[in-house]
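What follows is one chain in structure tokens, specifically the form predicted alone.
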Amino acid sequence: MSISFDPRNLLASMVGDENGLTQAELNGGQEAAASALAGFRKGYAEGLYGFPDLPGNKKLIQEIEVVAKKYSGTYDTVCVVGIGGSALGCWAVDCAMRGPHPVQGSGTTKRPRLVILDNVDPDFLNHALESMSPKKTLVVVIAKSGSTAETMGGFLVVREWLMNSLGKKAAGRIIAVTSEGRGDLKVLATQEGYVTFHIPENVGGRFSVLSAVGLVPAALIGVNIKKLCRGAAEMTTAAWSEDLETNLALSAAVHHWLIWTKKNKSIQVAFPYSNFLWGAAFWFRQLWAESLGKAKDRTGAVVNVGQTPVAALGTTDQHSQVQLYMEGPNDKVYSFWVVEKPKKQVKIPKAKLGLDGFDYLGGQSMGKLLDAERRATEAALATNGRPNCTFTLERVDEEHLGAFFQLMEFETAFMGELLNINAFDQEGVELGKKFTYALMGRSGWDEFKERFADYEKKRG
């Protein structure tokens, strides 16, 4: 397993002193890096943060594999009902291991497809149900709180859809992933006898892809979850190292922190040059935004801090966004995600059309063209004073994907330490949830119904 991080295009020598990091600034980051590592290690030792332990949970991996084997051959679709951290990781794994939709093809009992219901748009939900057969669908409902409105509403629809076709046997087609000691989903799962897996209390949704949240759907669609966790475990070991050459997560965090805070790059563009990593870019977008967008620091001071993550796809978005990136506001840093060895190479035929726009490409490969496009974009940005860095994965397989997930989660945790914020809460999301409960008539939320009425009154 091989992953590397190249920060050279973040340096002042490449993009100028105004936009790049000087040696003095990098030297100053060394002490901050050591402090961030020590701070996160302390919180982890106190049991505050559980994601570093997830790859080593062999008991859970074995239990999931037993369930996957039990159901094997009885379904052609795995339907995940969840939202945010309960859905994006599943999609990232599916996209990376089996290809982006719609090129995967239709599902079979040997190669089930994954359908993720992560929105309450009625048109989307209806079309999704029409695309599935209840007799050949296995439903995985995921909610740590056990009460997320979007997930509960969607699940009630899917549950009735199953029951209308299967009757009492419907419960045998449902797997629940939720908290062990709280939440109405846990109560219902116990009452109706669903197979149930639990999410550790010290693992938040956006850090949960290597818990049952991500591993259950992954195993059900045929992903080798042992290898996924093996790669993550290897990266976890590296992430505790004090050596920045070894600890890619800490090195990336310090470089991104410095370029953000010293050079005012308030937007980070995650730029995978692989369609198979497109889902991971959206997973990262939630991880970075929800973890680092905070009103207050740990002292209670109002800071309103946050670096906005943007997902772009190479080469597709060279033709939709790079004009802005090259000539628009110089407020961004670009993180290229590169795959060294594609799953399969495609050769460009030698057509010999006598037309230069075609003939120079003949006999070369699409992989070489993709790499040239990316390197050209890196160079063009750097030449124009736009800082960028590159993560390179040797290939996209279970071990590399698991390691990359863990790298990004550790980088996010270290960034929280560098900013002196709590990267593991999400107070900004909660008020919208409370207003939703009030608007939908949930009991006990009258205060927020009144607050919403005041809001409406101001609107006139």
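For every residue, the number given is its place in the sequence shown, counted from 1. None of these values were measured; they are calculated from a predicted model.
What comes next is about the form predicted in complex with a small molecule, which is not displayed.
ask   = Is G85 close enough to touch the small molecule in the predicted bound form, meaning at least one heavy atom pair within 4.5 Å?
value = Within the cut-off, so yes.
inquiry  = At 4.5 Å between heavy atoms, is K263 in contact with the small molecule in the predicted bound form?
reply    = No - in the predicted bound form, heavy atoms of K263 and the small molecule never come within 4.5 Å of each other.
ask   = Heavy atoms within 4.5 Å of the small molecule in the predicted bound form: does R206 have any?
value = Yes, contact at 4.5 Å.
ask   = Any of the heavy atoms of A218 lying within 4.5 Å of the small molecule in the predicted bound form?
value = Judged by the heavy-atom cut-off of 4.5 Å, A218 is well away from the small molecule in the predicted bound form.
request  = Look at the stretches 308 to 316, 139 to 147, 153 to 161, 334 to 342 and give the one with heavy atoms within 4.5 Å of the small molecule in the predicted bound form.
outcome  = Flagged stretch: 139 to 147.
Heavy atom within 4.5 Å of the small molecule in the predicted bound form - residue from Q286, T390, T196, N224 = By the 4.5 Å heavy-atom cutoff, the listed residue in contact is Q286.
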